[in-house]
Structure formats: C-alpha cells, structure tokens
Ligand SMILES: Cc1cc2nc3c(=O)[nH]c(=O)nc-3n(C[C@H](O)[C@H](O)[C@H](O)COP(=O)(O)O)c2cc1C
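As a starting point, one isolated chain is supplied in structure tokens, in the form predicted alone.
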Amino acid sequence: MILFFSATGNTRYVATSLAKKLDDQVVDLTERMQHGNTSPLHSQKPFVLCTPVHVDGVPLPILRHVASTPLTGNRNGYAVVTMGSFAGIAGRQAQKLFLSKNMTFKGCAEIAMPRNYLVGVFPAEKTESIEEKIRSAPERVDQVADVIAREASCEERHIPTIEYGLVLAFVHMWNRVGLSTKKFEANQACIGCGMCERVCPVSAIRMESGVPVWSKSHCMHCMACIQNCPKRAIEYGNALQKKPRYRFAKYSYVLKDGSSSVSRGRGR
C-alpha cells in the first residue's frame, strides 16, 4: 500500500506510477489528515510512504499522522521522498517512524523533482531544470519499483547521528517560527472558489463570506493553496512577485513526447 501526500502533483505522480508498476493501491493522505482519520490500514504488500521533503526532512504533520495510524499486514516499510535537491534527514525520520510500529524499515529512495517552495530565498526553478527532472523521473521510478517488488533494501545515503540531531533541532525550530500563516492573504483576483480550503492538508484555511481566511497560526507551508489557486490570488507578503506558479500537470507534456517548452513555444 502506497501512502502519499502531494501539494502540487510531484509526489502524486511518483506514488501513482509506483502503484501501477507494483499493482498496488494508493491512499491519498490529504483527506485523512484533514479529518483526523487515523483508522487502521491493511496491506499484504509493503507499506510505502511517499512524501515531499520540506526543509531537509519529512513534514512533521505527515509523520505524526502516519505514526497515529495502525498499519497491519505486511511488516516491511519503505520511504520514497521527492525533493528539489537534497533529502536531508528524511531517511532517518522514516526509519524511526516504521521502527516505532515494530516494522522492518527497508530504506529510503530519493527522487529529484521540481522545486515548488515559492516563499523562500531561492528563485523559481527554470523551465529547463523542471523539464529535465520530470524527464528523468520515470527511469528512477522504475528502479525504485523493482526494489520494492523484490522487497529488497534501498541503497541510501548514510546520515551521521550528529547531522541528524542538528537538522532535527532546526526542523523543530522551523516548525515553530518559520511556518507562520501571518503573511498569507488573498488579493482582489480571488473568486471565492474555495480551492485553497479544499487542498490544505492541515485545515488551516476556511472560507468566510467567499474569502479565504487563515484560521491557524501555523501550517505546513506546502504551497498547495498558492500553487493550486486558479487565479493566482494567494499572496505571501511580497515573496511571490514575478514568480510563476508550479503544478506537475502543467509540465506533464514532457512525459508524453519528450519535447521541451522552448521547442513547442510553451512558457511556464
């Protein structure tokens, strides 16, 4: 069984591709997280947690949700993480999660996908880099699927204990001070469709008089509200000026015929 969370489609693509190759089922964690649904999940095949990497690790709300969900049946667990460039301590976090459930951790596989965190200091990823990562993804998914099908162990980067401790401390600090919702707001382009409310995994948004209001002081900063808004109406202070939005579906043409947006005259 493949459990996944995806804000902009990167991890959804990986999870559904793995499921197809492994003849397995997928469980989208978004709705379960929104409703606090921690009912047991049962699988005869290994459990695979597919998650994006946020700030050098697995988002803590995802870890906490899966930790609270009984997993029965097969006792092998894998992590498959999508990241812009570096997976940080995600493997060690996943190991700790599965071991806490008395399961055998079979390793963490990393798959590079386009970066979608728009409110940080980094500029938006260029089209050529986005296309190259998406074009390379199917081969990597095939490799990971082969390992899981054999219930073999993933080859993964060794994470020293000191690195794990330092990064984990930073992750917890960032969750307290860096994930504030204070700067989120909707501009005049908002049409009150409620998409942002529906896609928020931690239910931090509610619609009031047709306008989204961030009702919690902190969220995951997963960018689901910003990236999925059909009118580009969600702002975060002035951090999004001139930054294009990203959704995997916009670039899925790369997988269909391999041509680039430049050759086809397509922009971002």
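From a predicted model like this one, the values you see are computed outputs, not experimental measurements. For every residue, the number given is its place in the sequence shown, counted from 1.
Here the subject shifts to the form predicted in complex with this ligand, a form of this protein not shown in this document.
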Applying a 4.5 Å heavy atom distance criterion, does S17 contact this ligand in the predicted bound form?
no
Can you tell me whether N116 touches this ligand? I mean in the predicted bound form, with a 4.5 angstroms heavy atom cut-off.
yes
Give a yes or no for H221: in the predicted bound form, does one of its heavy atoms lie within 4.5 Å of a heavy atom belonging to this ligand?
yes
For H54, is any heavy atom within 4.5 Å of this ligand in the predicted bound form, or not?
yes
Go through 237 to 245, 221 to 229, 35 to 43, 62 to 70 and give me the stretch that gets within 4.5 Å of this ligand in the predicted bound form, heavy atoms only.
221 to 229
Residues within 4.5 Å of this ligand in the predicted bound form, restricted to 77 to 91 and counted by heavy atom:
T82, M83, G84, S85, F86
